[in-house]
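As structure tokens, one chain now follows by itself in the form predicted alone.
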């Protein structure tokens, strides 16, 4: 079965438009609610994050669910009422601890808070206690450095593709990259609104990785399009794009699936620290494979149709006896 990407391109574009629009709406709502398009993690806003888990080896210590209202009353009593509180669940869905993000705390304040919480909830397991503190200046520097890295990556890719192929190839590859990044960011905006999912510095690393993976697939398809145009300049650009996509489809699917298998393993078994990073890559890599096939190539075909470049340049006449055809 051959995939007819050109004939069904309106369907692919409609799917992408709907996903991007949903993400933009979620970012707008998020901005209204929390003052940022995504829910920023500790890396970006600064503060202290405390994670406490109950010691279930002690009798009756883990029988009751975490009482968030009791946690909130403790935070109010400590003068930290604006803190963000989330329950931690195990694989069975049972609540076993809490994560708190609050203003920067010193050592004495952290110990006092931990003691107050332990009195309300039960004994915490010291081996599972995590405390991270990041200053707001470091968070801003991380954010600025991440944005700069993304911009440099986009510019570098645009220059490379312009030299390697042509300017229109580069433009639509960049459009596909924006498509992947926008959808990934939009989905995280939705997750931030619905499930309080936060983004940290690893999220920026994930976006950079997505950019590299996505353009890799696009280059493979572009290479086949260019090669087919050179060999068969009389073929219509729509036919060439369809043929290029189908000839590279198995490679794209196999590469993406094997990569996703690894990422799903990290997501399921890599621990809380890597879970969000792996999820961002899963979404981005899937979108990258999709956009390489259905967005970059179909937009290139549309552009060539609109600019009268549906056929390739005619090949030069062969030279005879060492004399070029012009001279003859």
Partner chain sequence: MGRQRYLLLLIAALVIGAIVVILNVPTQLGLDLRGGSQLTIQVKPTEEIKEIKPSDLDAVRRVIEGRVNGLGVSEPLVLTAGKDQIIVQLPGVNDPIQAERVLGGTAQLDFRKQKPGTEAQLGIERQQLREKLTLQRELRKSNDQAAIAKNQAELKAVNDSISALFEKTELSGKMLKDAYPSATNVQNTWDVGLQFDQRGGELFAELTKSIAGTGRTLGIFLDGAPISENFAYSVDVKYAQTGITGGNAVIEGNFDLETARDLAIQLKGGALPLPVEVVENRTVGATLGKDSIQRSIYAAIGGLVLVLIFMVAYYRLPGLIADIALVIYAILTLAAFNLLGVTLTLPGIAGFILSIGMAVDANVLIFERTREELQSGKSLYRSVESGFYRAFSSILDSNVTTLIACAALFWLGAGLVKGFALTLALGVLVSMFTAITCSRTLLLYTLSFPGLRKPQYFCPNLEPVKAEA
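Numbering follows the first chain given and starts at 1. Model, not experiment: these values are computed from the prediction. In this text, rigid core is short for the largest set of C-alphas that superpose within 1.5 Å between two forms.
Only in words, not in the display: the form predicted in complex with its partner chain, which the text now covers.
Using a 4.5 Å cutoff between non-hydrogen atoms, residue 236 does not count as a contact of its partner chain in the predicted bound form. Residue contact check for residue 263: one or more of its heavy atoms lie within 4.5 Å of its partner chain in the predicted bound form. Although the partner is absent here, residue 250 sits close enough that one of its heavy atoms falls within 4.5 Å of its partner chain in the predicted bound form. In the predicted bound form, residue 81 stays away from its partner chain, with no heavy atom inside 4.5 Å. When its partner chain is considered in the predicted bound form, only one residue from 167, 103, 148, 230 comes within 4.5 Å through any heavy atom, namely 148. Residue in contact with its partner chain in the predicted bound form (any heavy atom within 4.5 Å), chosen from 85, 187, 220, 181: 220. For the three residues 63, 120 and 122, a heavy atom within 4.5 Å of its partner chain turns up in the predicted bound form in no case.
Of the candidate stretches 54 to 62, 24 to 32, 290 to 298, 263 to 271, only 263 to 271 has residues whose heavy atoms lie within 4.5 Å of its partner chain in the predicted bound form. In the predicted bound form, 152, 153, 156, 157, 160, 161, 164, 165 are the residues of 150 to 169 with at least one heavy atom within 4.5 Å of its partner chain, listed from first to last.
For residue 110, a C-alpha deviation of 2 angstroms or more is recorded between the shown form and the other one after rigid-core alignment. After superposition on the rigid core, displacement of the C-alpha of residue 89 between the shown form and the other one amounts to 2 Å or more. The Cα position of residue 98 differs by 2 Å or more between the shown form and the other one after fitting on the rigid core.
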